[in-house]
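Take a look at this one chain, the form predicted on its own, written out in C-alpha cells.
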C-alpha cells in the first residue's frame, strides 16, 4: 500500500507551451471560384517578388539600369526581373499520354525529367527572352521562380546572363531568449494506417513513448517535456481500388473506414495528454491540390472531442513560444526533385527558402488552387524550423542567412517504412531521430 502511494506522488507534470496558428492564409473558404485562369497567380507572384527584388538591387548593382524584356537593347548591360520558364523535352504531356494510351508498350515513368538540352526563358508582362551563358544552370532552377538577372542582349536575341539575384532568406523574428528550458516537439509522417507496410505495434510504441507510458523514470521525465506533436501527412492508406465511382457495398465501406477508425483510436490517446496537429497529405481523404484543407473533424470523433486536437492545412504554419514553424507534407520538395537536381532533399528545401517560395512549381506541375489576387506560398517571414514530411530518410541541417537568420531544416521519414519519428528541442533547435524497431530476438 505504501509503495503505491509513493508511485502516485511521482506523477509527472507535463510542460505547457503557448501556441498560435498561422494557417489563415492557406485556407480557401473565403475564396470564390469564378472560372479564373492560373495566369493570375503568376501575375500576383511576379508583382510581389519584383517589388522585393527591386528593393535589393541598390545594394547589389546600383550602377546598372533596370529594364523590361521589351526594353532590352543589344549589347547594353542591364538588370531584368521576371519569372523563369524551363523548356524540358522530357516533361510529360497529358496529350502524349492520351495518344499512347492504346499503345502496346507500357509507359515507363522516369523519376526525373531533366535533360541536357533543357533551357530557360525569362518572362514579364512585356514579353519573354531566352537566357544564355553558363551562370544560370537549368538543373537548379524551375518554372515559376522569380529572379533578377544582370546581363546583356546578344545579336542572336538571347539574354547573356552574367549574374543572378535571388530574393534570399526573408527577415526573421528573433529567437526568444527567456524561458530557455528543454521543451520538445515530436514530428512524424507517413503513418499509413491500414497499409501493408504499417505496423500497428510500432505506432502504439510511439504513442506510449509520447504519453509517458513507456520506459523508466528518466525517459518518462523526458516524455513530460514533449509539448507538441505534429503529424505531417499520409496518416491513412485508403484502398484506391474501391474508389471507382460506383456505389460501395457495405463490406467495402467498412474497409474504407477501418483505417481512419484505427487512426482515431491512437490519436485520441495522444490528444488526451498533449496538443496534436494533424496535416493532410497526398494519400489522405482531403482535397488533392495545394493548399490542402484540414481533414474534416467528423473523421476523428474520438480525438476531436479534445480541444488539444487540431486539424490543420498543408502547408502548415504556427508559432510555439515565439518560435516559428513552417512545413509541408512533402509534395513541394518531391515535385522539385522531378524537375531539377540537388545533392539531397535538404538542398531543395534551402532553395525554396532562398527563392522565398514554398512551391515554385505550382501551378505548372504541382496542383494548386487558382488564387486571383495573392500567392499564399510566398514566404514573407523566415521560419526558425522548416520541415517536410514523407521523405525516404531522416535528414537535418542548420542554415544561416546574411542577416543572422537561423533555420533548422528537417526531412521527416515515412514512419510506416522506417519506424522513425523526429524530436526537436525548442531550447537550442537541436533534433534527433526517435527509432521504434519491432524486431524481437527470442
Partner chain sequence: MASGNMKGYFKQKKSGGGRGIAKPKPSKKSTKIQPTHVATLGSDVVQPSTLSAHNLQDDEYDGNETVLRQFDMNMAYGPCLGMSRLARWERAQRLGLNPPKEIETLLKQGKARADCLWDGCV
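What you see is a predicted model; the values in this text were computed from it and never measured. Numbering follows the first chain given and starts at 1.
Below, we turn to the form predicted in complex with its partner chain, even though it does not appear here.
Undergrad: Only one of these stretches, 54-62, 41-49, 381-389, 396-404, has heavy atoms within 4.5 Å of its partner chain in the predicted bound form; which one is it?
TA: Within 4.5 Å of the partner lies stretch 41-49.
Undergrad: Answer with one of 372, 119, 199, 289: the residue that has a non-hydrogen atom within 4.5 Å of its partner chain in the predicted bound form.
TA: Looking at the other structure, the residue within range turns out to be 372.
Undergrad: Just to be sure I understand the contacts: of 182, 334, 319, 125, which is the one whose heavy atoms reach within 4.5 angstroms of its partner chain in the predicted bound form?
TA: Exactly one listed residue reaches within 4.5 Å, namely 125.
Undergrad: Quick one: is residue 30 in contact with its partner chain in the predicted bound form, heavy atoms, 4.5 Å cut-off?
TA: Flag for residue 30 set to no.
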